[in-house]
Structure formats: C-alpha cells, structure tokens
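One chain is shown next in structure tokens, namely the form predicted alone.
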C-alpha cells in the first residue's frame, strides 16, 4: 500500500498522464501538415484568388502593367531615334557610291565590274579625282579627316602574289603564293592621275588579287536637332575594293562603309533647350526604378518558392519516406517569374545605355537596340501568364506547355533530314543555281519552300547545262517539297492539334 501510495503521490505531483506527450506531438504534426498544405495552396493561387483569400493586393500584377506601358513608350521613342541613325548611314553609303564609282546606277552592285586594264586605271583615277574635288561636288556636309593640322591621306593598296609565271597557252604556270601588299598615299585636294603622279605604281594584273582604296570622311547628322536631340558626329571609313581573286577577266568593284559614331566635341544649338533631353533621361530613370522594383518582387517570389519546395521535400523525406520527383520540384519554380527577371535585367542595362547615348557618352546603338528589344519582347510574352487566369485563354498556354517536349523531339528528327537536304543541295546544285551557292542560302531557300514561298522561281532558275544535274534537281526539289509539306509539316500540326484536343477534353470534364 505504501508503494502504491507513493506512486499515486508522484502522479499527482506530475499532473501529466503518460499518453499526453504523444497526443500533443500528434496535434503538432497535424498543425504542421495543415500549415504546409495551406502554404502550398496559397503559393499556387493567382493574384485574384490571393486577394479573395487574404485581401492581398496584386502589386506585382499592377506593376507589370505599368512597366509594359513605360517600356513600350521607351522602345518607340528609341526606335524613332535609331531610325534616323540607320537612314543617315544608308543614305551616306548610297551617296558615296554615286560620288566615287564611275557610271554607277542604283541597284547595279551585283553587276558593277570592269573587264579591261585601261578601265581599271580609269576607274581608280576617277576615284582619286572625285576625292580631291569633294568640297566642290558633294551636297552634304562631308569633310576630310584631320589629325592635328594634317589631313589624313587616301591609301591605294595592291595585293598580289610575290612571283609568278602564268602561260595558259602552254598550260603551264609557276606561282609563289606569298602575298605582297604595295601601297601609296594620296593627299586630299591633290589632283593627279595614278599613272602620271605615281609612275612607279604598276598594277600586276596576272598576279593581282585585290586593289583596295581606303579613305575617311567625316559628317554630322543634323536631322536629330529637329527632334530635340543632340547631333552625332560620324566617321565614315570608305573602302572601295577591286576584286580579282578569281582571275576570270572580270574584276568586281564594291564599296563598303564602316561607320563610327562619336560625340561632337564643340557644339552649340540655338533656339532649342535641353529640357526635352532632361525629361527623356528622367523617364529612363523612372523605368530603371520600376524594373528594379519588379526584379526585387519577382526574385523574392522565386526565393519563397524554392524555400517552400525545400520544406515540402523535407516533409516527404521524413514523414512519408519518399523523394519528391524532379518534375514536382520544378512546379515550385515559376518560369514566368524567371522570364520577368531576365526581361528586367535587360531593360535596366538597355536603359542605362540609352541614357548614355542620350547624353552622348556612348554611341552603341546596336547593343542598346538588342537589349531594349529583347527586354520588351519578354515583357509582352510575360503578359500571357495573366491571360492564363481566364479559362478560355489558358488553353493556349497549357497546349504549348504540354506539346513542347514532343515538339522538340520532332524538330530534332526533322532537323536531321533538313540538314541532309541542305548539304546535298549545296554540293550538287550549287554550281548551277545561285540559291544553292552557300549553305546559308541553301537553308534560306529550303525554309522558304517549306512555307510555300518562291517555289516557281526556284524550279525555273535551274540552269540546264547538265541534263543529269537538271533531272536530279527535279527529283531533289519534288521529294523535298512532298516530304516536308505533305508529311513532316502535317505531322507537326497533328502533334499540336492532338495536344489541344486532349487539354480541351480535360477542361470540359472538370
């Protein structure tokens, strides 16, 4: 009795039954499971559902709508400014062709060539003469490049084989393939002909590879003043090439134009204020702040998703004893947020470059265009995420998502067949058809055929110099068109259609 009394007293003093700890632990586990379930359910809600559940305002959605408007306005503004730059470059290139290429006609770049030795000397003399009389003939604001007080001269360089004895009449030749470059300099406003002013400079036509005439002209793009933008100063490196590498008796003449855009050093604009430029810079700064805010919010959401995925994985490993599949883990990583983060980064860097271009610190129009254009494209693609909240629009997103793996596998198989046709067409039809001269043009031609473009000219322009190759070309083209349009393209459409029907039936059964 005494022992039982002691046990009773001990139980009274502890005041906790032996099964109470186990029951309390179960209640805690149930609360944790329910809490985790609620977290996961809330994480996968859309902004409207989150607002109805907890009254949380969809700040990211509102911010994305504002950002789309701001970035689109910025892109249009920069596009109009960039268009003036492109127009100025293209028109200057056309101007130089008319100024320095004798008897040049618009659209004659592919056929502009010389065939006689006297013509080569005459065309070079023509370039030197027009270069020397530039101030008297140009209607633009072109000037010679000046380094200090000395004008930069024009260079005429001839590339030719070191030694060679070529006798086609005897079917013999001896050639040293080492290439030698011989140059001379012609000062601006120095009016003379090549043979008179430089009698020692002789063109070795049988060994000649190229003759390159290079000079630099400067100009200022004044049309930007009308749009309240500071003008840019341009350096045009003009390169005129007489190409004789084929040695076919036809020397092709081509004019290229390398452009460098620089900040004008001393400038003064009367009748216009810098207010618009400052407003544009402030607008770009507003876009940078908006993108940084969007970047921070989306990054926080991605981090929360990763933390929730780790918590869910740990729960499954400890309580269920199973590993979560990779596909389920990826569900917590929202691809739309990744897309928005990338677009924000591109837009921020592009806006910084645009500010520097606007203030004439930098002149990298191409890099800025790529960044802003890609960023805007991704922002607009991100709108599809919010369209997916509506059931009728969500079917497109679900179809693309479900069909994507099958489409990739199908493209890999079809790409192998496509490449085989590219290589075959290049090596067989290249000598007889201009659309098959290079692998790039072959790929472009075949891709056009798949889309039904330019079919008849492709068949018609095949030269019938070889009957065997002509017959092969017919078999090649007919088989390619039949295989890709009637079979491969139809199968591709079938994959998308079947996926669409499956998704549609699943939505109707819900």
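Residue numbers count along the first chain shown, from 1. Think of the rigid core as the biggest set of C-alphas that the two forms share within 1.5 Å after superposition. These figures come from a predicted structure and were not determined experimentally.
This next part talks about the form predicted together with a further copy of the same chain, which is not shown.
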Check all three, 138, 428 and 474, heavy atom within 4.5 Å of a further copy of the same chain in the predicted complex: yes
Partner-contacting position among 45, 485, 61, 36 - heavy atom within 4.5 Å of a further copy of the same chain in the predicted complex: 485
Listed residue that, although a further copy of the same chain is not shown, lies within 4.5 Å of it in the predicted complex (heavy atoms), from 72, 187, 319, 278: 72
Residue 329: touches a further copy of the same chain in the predicted complex, heavy atom cutoff 4.5 angstroms: no
Partner proximity in the predicted complex: residue 158 to a further copy of the same chain, non-hydrogen atom cutoff 4.5 Å: no
4.5 angstroms heavy atom contact with a further copy of the same chain in the predicted complex for residue 212: no
Distance check, residue 432 to a further copy of the same chain in the predicted complex, heavy atom within 4.5 Å: yes
Contact stretch among 285 to 293, 341 to 349, 419 to 427, 309 to 317 - heavy atom within 4.5 Å of a further copy of the same chain in the predicted complex: 419 to 427
Stretch 154 to 174 - residues with a heavy atom within 4.5 Å of a further copy of the same chain in the predicted complex: 161, 166, 167, 168, 169, 170, 171, 172, 173, 174
Displaced residue check between this form and the one not shown: residue 173, CA, 2 Å or over, core reference: yes
Rigid core superposition, residue 163 Cα moves 2 angstroms or more between this form and the one not shown: yes
Is_shifted residue 379 between this form and the one not shown (CA, 2 Å cut-off, rigid core): no
